[in-house]
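Given as structure tokens, the chain that follows is alone and in the form predicted alone.
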């Protein structure tokens, strides 16, 4: 579903992503783990087509992001860690706007809006303007808009931060449901316990380079994921003196 080949993204004086290659298969949840500044968000934004990159290739469902950007982007939904939503719109107005963009028929959109908005306890607030929403409500609205379009590839940047336990529970259910229907999920997280329990595979990035990728149980090995993460942190501290 997603194929990243030799991705490199440079900023002045720094390679944020350095020759990174990985794939996300159909029906798979891949967790992307690394410390702040490791290159997670830059990678996700390159995949989403928000950032240009210097070298490499990104294909989404076989479509080149560089050569066929519109076709590639139609297959995906991207949720940043701090979603920007038109504040002048009502919640339902925003969801209808997204549904119109993706050509979702009226009957289907109404059923999907109800399903996801009810689960995230947002239905009663859909008539209110987004400008009056809390951060958590905006995050839930963004999640509803993503699940509404049933993307082939869902890209999420730190999706669990700020979600209450009930919303987090339902999001995990919907991620699994999307994969059961043949979609794929690629998300970054610091919530290691979630990654360990939810992901089919895990990729670890450090200083822009992919240092580990494999099935969750293989990456974790005989220790837990938190131990692996702390070991990387210790190595960083030793290198930096």
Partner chain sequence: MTKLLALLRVNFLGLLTTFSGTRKGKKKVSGILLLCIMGALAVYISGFYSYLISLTLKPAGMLELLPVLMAGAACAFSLIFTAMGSGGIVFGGKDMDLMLSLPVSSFFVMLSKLLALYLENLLFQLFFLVPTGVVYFLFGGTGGVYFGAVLLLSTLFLAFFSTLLSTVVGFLLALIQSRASKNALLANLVYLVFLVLVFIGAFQINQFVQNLALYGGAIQEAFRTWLFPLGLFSQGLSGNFPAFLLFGLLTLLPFLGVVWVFSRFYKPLLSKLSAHSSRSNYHLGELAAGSQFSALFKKEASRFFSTPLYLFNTGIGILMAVGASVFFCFQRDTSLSIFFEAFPGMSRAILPAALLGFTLVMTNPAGVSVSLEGKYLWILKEAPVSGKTLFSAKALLNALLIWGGGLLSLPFLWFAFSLSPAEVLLLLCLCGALGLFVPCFGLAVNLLFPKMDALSEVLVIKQSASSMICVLGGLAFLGVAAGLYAAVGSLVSDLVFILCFSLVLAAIAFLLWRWILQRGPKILQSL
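Numbering follows the first chain given and starts at 1. Bear in mind that the values here come from a model prediction, so they are computed numbers and not experimental data.
Only in words, not in the display: the form predicted together with its partner chain, which the text now covers.
Proximity of 175, 190 and 221 to its partner chain in the model of the complex is absent: no residue of the three has a non-hydrogen atom within 4.5 angstroms.
Not displayed here, its partner chain is approached by residue 83 to within 4.5 Å at the level of heavy atoms in the model of the complex.
Contact annotation: residue 169 falls outside 4.5 Å of its partner chain in the model of the complex, judged by heavy atom distances. Put simply, residue 110 is close to its partner chain in the model of the complex: some heavy atom of it is within 4.5 Å. Contact annotation for residue 70: at least one heavy atom lies within 4.5 Å of its partner chain in the model of the complex.
Contact annotation for 38-74: residues with any non-hydrogen atom within 4.5 angstroms of its partner chain in the model of the complex are 48, 49, 50, 51, 52, 70, 73, 74, listed in sequence order.
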